[in-house]
Structures are given as C-alpha cells and as structure tokens.
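There is one chain below, alone, in structure tokens, taken in the form predicted alone.
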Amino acid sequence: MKFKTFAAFVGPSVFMMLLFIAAPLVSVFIQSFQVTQPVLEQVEVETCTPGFLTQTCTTEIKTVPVLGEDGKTITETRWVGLESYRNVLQMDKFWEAVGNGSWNDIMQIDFWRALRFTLSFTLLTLPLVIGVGLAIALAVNNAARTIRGPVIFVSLLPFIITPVIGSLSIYWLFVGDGILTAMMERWTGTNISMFAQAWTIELLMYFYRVWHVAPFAFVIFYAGLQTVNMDTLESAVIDGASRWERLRHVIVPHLMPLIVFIALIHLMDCYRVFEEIVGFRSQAHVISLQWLTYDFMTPDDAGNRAISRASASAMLTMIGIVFLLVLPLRRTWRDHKGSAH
C-alpha cells in the first residue's frame, strides 16, 4: 500500500518538475518565432504658429500608436518564422564578409563578435581552471596538516565573492590610476591604459575567470585525492615511478570522472558569461552572447524591447551549449557503459 502511494506521488511530482523546467524554454522558443508590435494608425495633425496678422497652420500625417481604453498602447503578435534568427545572425552580411575574406567585417556583426569571444573565453579558460585547480589541490594535499585549514580557507575566498563584485574589484585595480596600473606606469615609465583595447580587456577577463572558478575545481579535486588508492601509489614508488609519472598514470586517471564533471559545469557556466562584461564595462570592445540577449531586452528610446530577437539569441546560445557538451557527455556515457559491462 505504501509503495503504491509513493509511486502515485512520484509520477505527478516528476511530471510537475519537468513541466517547471520545460515551460520557460518552450515560451522562449515560441517567442523567437513571433514579433509583438504596437498597432499604429495615421492621424492628421494640424500645427499652427502665431504670425504678425494671421496664424500659419500646416497639416501633416503622423503615424502614432493606438491607445486602448486604459490608456496603454495596443499591441499585436504575428508569426514571422525564422525572421528573428536572420536578424540576429545577419547571414547576408556574414557571407559577404567571408567572400571578401575580411575578418574585420565579420567582427562588425554583433552576433559573430559575441560568439567569437564567448567561444574563446570558454575554451581557453577551461584547461586553465582544471590545471590551476588540480595544482592547488595537490599542493594542499601534500601540505602539513596544521596549515591545510588556513590554506583551504584562503583558496576558497575568490569563489565566495559575488561575481560582479569580484570583476569590479579587478577592474578598479587597473582602470585609470588604479593601484596596479600606477605601479606598472612607475616601473615602465610610460602611460598604460588597460581598457583602451580589446585584447587587454580579454586578458583581464581570462585572469578573473580562472581566479574566481579555480577554487571550485580545487575543492572537487581535493575531495577526489582523498580516495586515491595509497597501495597503488606506494607500488608505483617502489617501481621507481617519478612524481610526474605517478600523477599521469595513477592520479589523473583516478580523477578523470571529476575532470569531466568540472568540464561540464565550466562549459555550461562559462558559455553564459555576463558578469565580466558588466563588471569590466567592456561593451564597446568585447561582448558575449548572454550580454547580446540582454541588450536586445533593453528598451530603446521609445520603450520598445526586441523580445523576438532576444528569444532567438537565447535559443542560439542554448544550441551552442548543447554542442559544447556533446563531447564530455559522450565520454561520460562511454565510461558508464564500460563500467556497466
């Protein structure tokens, strides 16, 4: 009786959970094929200006939005198919730039400029995060027990700090007469502007991401190191294996599932990079796909939002994440099947 009750409870619960997860995605997907615009009408407007003897009046036709009884603008929603995706991708300009062999022209298109940075940021920081996190974990694991606690605490501080606050902290160290900029200017004897060109901004973003996320990898790796078979390590030492050989042939294979796990989390999180764009105020030089979606949602001077293009940009971002996750997920599935057999 209890089993039936539990089964009856789990079924609707799982369904509601899936519905809760899928509902926003379905809504964004549908909105990417729709455009909502205000209903407009043409009205005749007469404008009069006072003269010396008589008024001068002019009549012109203006297009204005239709207001409802509540005083709000009336809108209409229509299906536009893939038009929003075409507006975001701008494939005509892209192929024209490719035909001309002009990389600079491609980088003038917002989506492809954002995609270039997002992919570079994600793929370049991934090995750095894994390498730095593993190095910290090995150092802490080999440190004296009396200092492990303080070292772990200090190592976790960058991960505890809120991302926007952390990026702003790095920004103020280098912007204008920041502490580090002033030190470098005094050392080199030249004026340094770290935020006047894109490549220096990107370097600071890479540094911040590794500084912020490496502690997460460190915690995971440190926990994994506690489960390494000490008999295997001792046998490797007896066989004359060097420290590097023990790391390569014993420790890294043991930590491989954790490496894949960290890679999955990093790819999903880093592909949605947004805080660095805001914190480093890099919109004039560097933008990401997530920031591009946010920009579409920002009201223009008339108060209108490009919701359809924002939805299309969000869907393209989601598709990119899925493609990035295919390789580590395939490895995980292959390892799972191998262990099952």
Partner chain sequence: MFLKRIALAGAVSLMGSAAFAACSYENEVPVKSLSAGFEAWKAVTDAMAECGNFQAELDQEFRTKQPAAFEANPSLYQIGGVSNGTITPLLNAGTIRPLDDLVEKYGQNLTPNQLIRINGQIMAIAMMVNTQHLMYRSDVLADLGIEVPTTWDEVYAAADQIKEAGVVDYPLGATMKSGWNLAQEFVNMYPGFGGTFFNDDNTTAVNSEAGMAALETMKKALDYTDPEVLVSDSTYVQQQFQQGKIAMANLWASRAGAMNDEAESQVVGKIAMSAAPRATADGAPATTLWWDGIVIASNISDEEADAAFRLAMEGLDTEMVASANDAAIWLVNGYQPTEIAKGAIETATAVPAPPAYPSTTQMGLLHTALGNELPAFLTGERDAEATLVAIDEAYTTSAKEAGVLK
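Between two forms, the rigid core is defined as the largest C-alpha subset superposing within 1.5 Å. Positions refer to the first chain, counted from 1. Computed from a predicted structure; not experimentally measured.
If you look for the form predicted in complex with the partner chain, you will not find it shown, but the lines that follow are about it.
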Original post:
Wondering, does residue 188 line up within 4.5 Å of the partner chain in the predicted bound form on heavy atoms?
Top reply: no
Original post:
Even though the partner chain is not shown here, does residue 110 get within 4.5 Å of it in the predicted bound form, heavy atoms only?
Top reply: yes
**OP:** Evaluate residue 104 for contact with the partner chain in the predicted bound form, applying a 4.5 angstroms cut-off between non-hydrogen atoms, and reply yes or no.
**Re:** yes
Original post:
So in the predicted bound form, does residue 69 come within 4.5 Å of the partner chain, heavy atom to heavy atom?
Top reply: no
Original post:
Can you name the residues of 175 to 194 that have a non-hydrogen atom within 4.5 angstroms of the partner chain in the predicted bound form?
Top reply: 175, 176, 177, 191, 193, 194
**OP:** Indicate whether residue 61 shows a C-alpha shift of 2 Å or more between this form and the one not shown, with the rigid core used for the fit.
**Re:** yes
Original post:
With both forms fit on the core, has residue 30 moved 2 Å or more by CA between this form and the one not shown?
Top reply: no
Original post:
Core aligned, does the CA of residue 278 move at least 2 Å between this form and the one not shown?
Top reply: no
